[in-house]
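Encoded as structure tokens, the following chain is the form predicted on its own, with no partner shown.
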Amino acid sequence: MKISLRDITIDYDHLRAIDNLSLEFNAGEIHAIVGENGAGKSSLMSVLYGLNLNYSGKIIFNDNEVFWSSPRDAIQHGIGMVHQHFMLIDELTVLENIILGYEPDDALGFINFEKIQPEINALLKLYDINMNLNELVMNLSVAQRQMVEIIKLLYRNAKVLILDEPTAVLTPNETEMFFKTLRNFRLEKKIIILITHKIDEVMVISDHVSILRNGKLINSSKLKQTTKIKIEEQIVGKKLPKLNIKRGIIERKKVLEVESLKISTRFSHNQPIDLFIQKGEIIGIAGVSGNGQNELIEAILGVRKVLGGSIKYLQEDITYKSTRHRRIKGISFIPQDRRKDGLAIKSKVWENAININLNDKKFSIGPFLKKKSIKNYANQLINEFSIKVDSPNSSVITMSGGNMQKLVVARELSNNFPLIIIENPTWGIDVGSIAFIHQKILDMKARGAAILLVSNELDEIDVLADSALVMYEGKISNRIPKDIKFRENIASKMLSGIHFK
């Protein structure tokens, strides 16, 4: 089996998203597609999956030219896609989600679950997938939800699997299990197309790698014919700059103090949490996603009710103050979910650029906005943070995920607030943008900001943090110093929870 995209061109108004691009995908091959945010990866796959019908060029499927009228048409021909944001219904079981929209019924129109379940169990056995079909999706981990999406494709007899950032929110162990499943798919001669920003994973799992930049194909080759450094340079068009790791302001002034904090999590044995951050310091919070990190951040921001203990910001007790009070006092927040928590995606870029500075006299007079000043400010952010967008008048929803993230980072860091709380700042973005955002975070530290960095990426904690804490099942470890065993000590606590107070 073979599928080709030939001379594909896509234009969005005056913007050329894909420029005369051709690629070929072969059975029994894991083909990685990499590139900067906005390089055209998703646009290209939208053609292959039948989401975008406004293109020029051809799709060749097993030597025949085809045209998909919709994703359903593509699925019927064996092409399936797992999107970065899952499309599951929490209130339904795994089995119900798998068959949704493709429910086989009996002569009376009723779904025959007793017939379907053995068929799907046979699929799970074939690919060595462990899944309880009767479990509600709301009770599943992120990795399990992703696997449900993949099983949906297998149930529809997909021969081509398009996977968009599949490991973005997986732990190292979950990623390894996921790769084992992909290798099983490869043995069954399926075509696996992997859209990813994680070059280390490309080097581990892929057979072929294609690099896109500004809608053009820069290179496409067998993995063994290239190197990690070459791939990174081809993605950004130049050598990646080395991080300038400046020391922060050396001043033993506590900016944030959390003492004996009690919060509610899904774990029954929650323990009081203690931590502090000083001026010019980055403290990392590591841990497998779902171990209480989100609940801790919500408590510090005033979104989650505190059951006991105290939170002090610049010596002011803010334990029971509103989120608005905390933000006005000078707490920046970069959330993990930029679409849900970071931006009003249906609003304009300029509206999102100042939504925490509406009372600033530079941008408003009473209830009236100074739109010209705001748009000039938004343009400054666009230029300083290399945000790819037509203008401040563009809707955020038209931006790529990485450029949305840059907009959030630009807005929050440009305030120069004393405390910055960051959750997974480089989730789902390209290698060039990661280096850029990391440098901006280090620059803020050098200016004296206290930074609380929550990240699922051990590499990110290792590069940025001065010391680290680990959260495991609602408990928090003692501070781990930055020494030669820094990564090793973090990893051991992440996986086992040993040596917790």
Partner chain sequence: MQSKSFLKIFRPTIEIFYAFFSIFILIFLLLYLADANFSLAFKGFVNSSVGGRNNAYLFSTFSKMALISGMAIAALVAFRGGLFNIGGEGQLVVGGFACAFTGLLVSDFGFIGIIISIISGMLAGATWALISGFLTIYMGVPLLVGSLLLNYPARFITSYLVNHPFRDIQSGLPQTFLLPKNVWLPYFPNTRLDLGILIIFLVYVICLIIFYNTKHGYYSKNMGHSLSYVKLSGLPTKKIVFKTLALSGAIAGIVGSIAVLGIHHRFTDGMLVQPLYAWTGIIAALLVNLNLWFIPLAGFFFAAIYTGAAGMERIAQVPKEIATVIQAVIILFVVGKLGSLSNLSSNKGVKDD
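This one's a predicted model, so the numbers in the text were calculated from it and none came from an experiment. Numbering follows the first chain given and starts at 1. Whichever C-alpha set is largest while still superposing within 1.5 Å between the two forms counts as the rigid core.
What comes next is about the form predicted in complex with its partner chain, which does not appear here.
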Note to self: Residue-level question: is E119 within 4.5 Å of its partner chain in the predicted bound form, judged on heavy atoms?
What the structure shows: no
Notebook entry, point to check: Quick one: does R411 come within 4.5 Å of its partner chain in the predicted bound form, counting heavy atoms only?
Noted result: yes
Notebook entry, point to check: Going by a heavy atom distance of 4.5 Å, is G57 a contact of its partner chain in the predicted bound form?
Noted result: yes
Next item on the list: Decide whether E176 counts as a contact residue for its partner chain in the predicted bound form under a heavy atom distance cut-off of 4.5 Å.
Entry: no
Checklist line | Residue (of E316, D341, D200, E188) lying close to its partner chain in the predicted bound form, criterion heavy atoms within 4.5 Å | finding: D341
Item checked: Residue among L275, L223, I129, I356 with a heavy atom within 4.5 Å of its partner chain in the predicted bound form -> I356
Check: So which of 318-326, 283-291, 156-164, 132-140 is the stretch with heavy atoms within 4.5 Å of its partner chain in the predicted bound form?
Finding: 318-326
Next item on the list: Taking its partner chain as it sits in the predicted bound form, which residues of 359-380 have a non-hydrogen atom within 4.5 Å of it? Please list them.
Entry: N359, S364, G366, P367, F368, L369, K371
Next item on the list: Answer yes if the Cα of K228 shifts by 2 angstroms or more between the shown form and the other one on a rigid-core superposition, and no otherwise.
Entry: no
Check: Does the C-alpha of K159 move 2 Å or more between the shown form and the other one once the rigid core is lined up?
Finding: no
Checklist line | Core-superposed C-alpha of F179 shifting 2 Å or more between the shown form and the other one | finding: no
